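Given as structure tokens, the chain that follows is alone and in the form predicted on its own.
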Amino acid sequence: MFLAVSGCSREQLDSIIMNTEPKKQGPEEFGGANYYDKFFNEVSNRSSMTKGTSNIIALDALPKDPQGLTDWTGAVVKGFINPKSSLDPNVVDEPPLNLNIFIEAKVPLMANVLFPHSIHTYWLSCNNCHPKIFIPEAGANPISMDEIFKGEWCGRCHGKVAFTFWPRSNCTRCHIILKGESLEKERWR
């Protein structure tokens, strides 16, 4: 849909938005474990269709996050766009990787993180992050929020090209598993 609307007038775009029901992808397409379903539903339901929030007509046609910015993940999940894995037309697209990583938050009152590879592998191949940014081995990445805020780890993209850290409501985009509900042995106790 994204490519189809580029070059449309605002009236044509409004007609497309109001009369098009995009193909929704369900969590079963990417796996269905407990927290992944919870995460998928959160991602799917947090965006809204709000017109008039962007000066770029094509972006105005995409779902918005609670701050009124384009919700790129919501756009993929709700079927508005279907990103290609490469600009090279000869590269074969691979499906999103259904692998969720539990990351325990070091602060006792902060919810733990569920890192969904699927949301990230819509846009990136594995070698964008592994092994340059993250060593693909449990416990090998001593991630801290201070370092993320300084542009390391997740901060290589977040705060720059992916959603920002603020407002505080953005914390719950990653920190979604309450302490004690992780189905993992937690060290904070």
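Please read all numbers here as calculations on a predicted model, not as lab measurements. Just count from 1 along the sequence shown to find any residue number.
We do not show the form predicted in complex with a small molecule, though everything after this point is about it.
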Look up in the predicted bound form whether residue 72 has a non-hydrogen atom within 4.5 angstroms of the small molecule, and give yes or no.
yes
Open item on the list: At 4.5 Å between heavy atoms, is residue 133 in contact with the small molecule in the predicted bound form?
Closed with: yes
Report task. May I ask you to state whether residue 106 is within 4.5 Å of the small molecule in the predicted bound form, using heavy atom distances? Result -> yes
Using 4.5 Å between non-hydrogen atoms, is residue 81 touching the small molecule in the predicted bound form? no
